[in-house]
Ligand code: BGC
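The chain below stands alone, shown as structure tokens; this is the form predicted on its own.
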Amino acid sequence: MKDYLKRDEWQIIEEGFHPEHNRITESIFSLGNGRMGQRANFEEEYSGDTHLGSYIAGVYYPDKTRVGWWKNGYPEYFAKVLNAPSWIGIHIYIDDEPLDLAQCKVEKFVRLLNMKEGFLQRSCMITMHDGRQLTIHSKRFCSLSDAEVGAIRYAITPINFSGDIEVMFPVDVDVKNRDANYDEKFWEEITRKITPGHVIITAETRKTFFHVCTAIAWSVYQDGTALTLKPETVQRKKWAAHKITFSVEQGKETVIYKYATVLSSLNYPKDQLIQFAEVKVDGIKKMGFELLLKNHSQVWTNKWLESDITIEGDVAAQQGIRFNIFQLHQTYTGDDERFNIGPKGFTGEKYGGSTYWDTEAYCLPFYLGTAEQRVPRNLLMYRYKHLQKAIENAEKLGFKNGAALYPMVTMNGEECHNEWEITFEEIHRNGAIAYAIYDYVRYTGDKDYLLEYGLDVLIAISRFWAQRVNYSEDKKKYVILGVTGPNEYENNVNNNWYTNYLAKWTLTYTLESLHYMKDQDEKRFAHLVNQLHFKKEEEQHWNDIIANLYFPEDEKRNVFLQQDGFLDKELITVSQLSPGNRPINQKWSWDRILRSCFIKQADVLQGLYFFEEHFDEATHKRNFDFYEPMTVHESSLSPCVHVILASKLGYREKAYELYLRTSRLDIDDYNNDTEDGCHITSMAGTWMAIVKGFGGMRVKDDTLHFNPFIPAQWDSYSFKVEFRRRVIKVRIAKGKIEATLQSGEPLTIVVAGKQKKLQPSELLSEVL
């Protein structure tokens, strides 16, 4: 854990410069708006340890898969989230000496992420090599009101000198990914246009041929008056800048503004990008920084009204949940169904791809509860539109008859993950997508989606499961061999309980949905059955699998087993590990990890979370008590699930401990990996930890249920949920729960087992 960031309810604050943690801070203080994003790199040149990163949604590079040997079915490429052309540079020179925080003496330093209004701010005092001192105050944002816009306000004040300062405003296309094979670069410059008012460069990705046009403009003010400056042009390969020189006076502030627009061929004709960019950057310069910021901050105000969670009495917990919600909104807005939620968002490049099973298992509930119904629906439509690609992915592995295997990692529906134990074996992702359809329909009541789109996906996934099982003569049961569950510390196992349960449940839910369609719309049912060649024999086979699928259990302990052979491991607890062995994924060999009992994230417990109502509380307790002590939580997705289960079981201190871990995972760098980027998808799990865990929210029989408790460390907490076109605010304090229907028609809810009617604007208060 790191503990260098100040705790504050609405801000992340670094007081004092910590160059040894700079990559971590760059991740945490990242900005984004759903279409573009930027790590918290300095505007000036910086020769210290840094991970430069600008990113654009949907733009990627299919890097050739690198493996020691090739296997049939391997993806041809690994899709890299591309480090894109950089627009933020404001390079300062004083008598030809660059202002570089790694070379200067940093006397004072504060870096601040304002989550309430959505901007990054920095103040510092610097002493140059020759003793000259100056202060810098910078503020920047990626606009949520116009997702193609970024802006910077950069103020310089000389403390003990007057003289000339040189400034360069570059557009830098000469960038590379941190994980590029052989350090190759993925961008080629196509065109540039430089006028006294602009620097505009269009770059093209190799192989995928995306075009990205970056245009910048600038202005300089002293005493509130714009300076009239004639820029010089500085040009290099894949790099161009305006250079200006002006005089500064001791004690007086000079304010520099830099405006940028980033357009891509995803949204504009390639041959018109420069024209659109030129008009756009002119327009935002005329609007000015303050108006752009005002419009941007107003969008944040609206987002916080919809989704804020307040916690009284615990600043660390409050900061944690707001940071998680902030990053989620920066990553995905739901405005474009072509986009999804990458595991690092706009904060880093690790993992590649834009879509994992994380979206369905962890992110969907957040958007169900905090956004208009179209937003979570778009997440499901993203998968529906990739159904044919999922069928092709399965065909490459030998599956037939319209069976679909959704990719573990994808940009466009094709599998692009190149680790065999994940690409070929982590097939539980198929079940998570099926579960998401069920979760969405249960929460929204939108059964039209099930009939129009969902069933096509469910049938294709069920056909995969029906072909992936095989019948064991030894066990007289169907089995699923050679898989990896969510717990990636066990690879190539047989009969992973969670995977098997998902397979059985998916087959069951698909058949139930088919029968529902037949009852509701026999014509549509007949058309679907005819179109997909679904025969009675197929249904009979599925029912046979449902009735006879094998599940490993330990009869002595009366728990479900992670997989066959789990009890052959040495069963020891995490508490028996010395701190020097943690995290084991950075301390141990892979061989040692695979032979250990230690769990990266829940398998059995993930299944119990999904299918809570299928098992009694005693079953939950036995399995939680058996597995949680062996769980190292080295997956970011692990703690939140344990919070929900611990809350249900009354393990309140354990729930609170794991809540802090999930909510502050990146802020405190629990797993020593925040420098690679923040764990965006697990942040949605933090929201679930409060709403489903502490708040005890469930949907049962089309009704919202709340069975809450309050952690001992808190005075109160509150959240809002959108449910079937209503907005309900819930507040839990010590000994009571309050609920208010803020919009929508009257609603019946269940609170601690009691049925209550919510009327608009009336306060419901119940003793707990």
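This one's a predicted model, so the numbers in the text were calculated from it and none came from an experiment. Each residue number is its position in the shown sequence, starting from 1.
Quick note: we don't show the form predicted together with the named molecule, though the next part is all about it.
Contact between Tyr356 and the named molecule in the model of the complex is found at the 4.5 Å heavy atom cutoff. With a 4.5 Å cutoff on heavy atoms, Ser138 does not count as touching the named molecule in the model of the complex; it lies far away. Although the partner is absent here, Glu204 is not a contact residue: none of its heavy atoms lies within 4.5 angstroms of the named molecule in the model of the complex.
Of the heavy atoms in Leu405, none are within 4.5 Å of the named molecule in the model of the complex. Site annotation in the model of the complex: the residue of Ala240, Ile459, Ile156, Leu637 reaching within 4.5 Å of the named molecule with a heavy atom is Leu637. Site annotation in the model of the complex: the residue of Pro343, Gly685, Gly118, Pro85 reaching within 4.5 Å of the named molecule with a heavy atom is Pro343.
The stretch from 495 to 503, 357 to 365, 444 to 452, 620 to 628 that comes within 4.5 Å of the named molecule in the model of the complex, counting heavy atoms only, is 357 to 365. Scanning 75 to 105 for heavy atoms within 4.5 Å of the named molecule in the model of the complex gives no residues at all.
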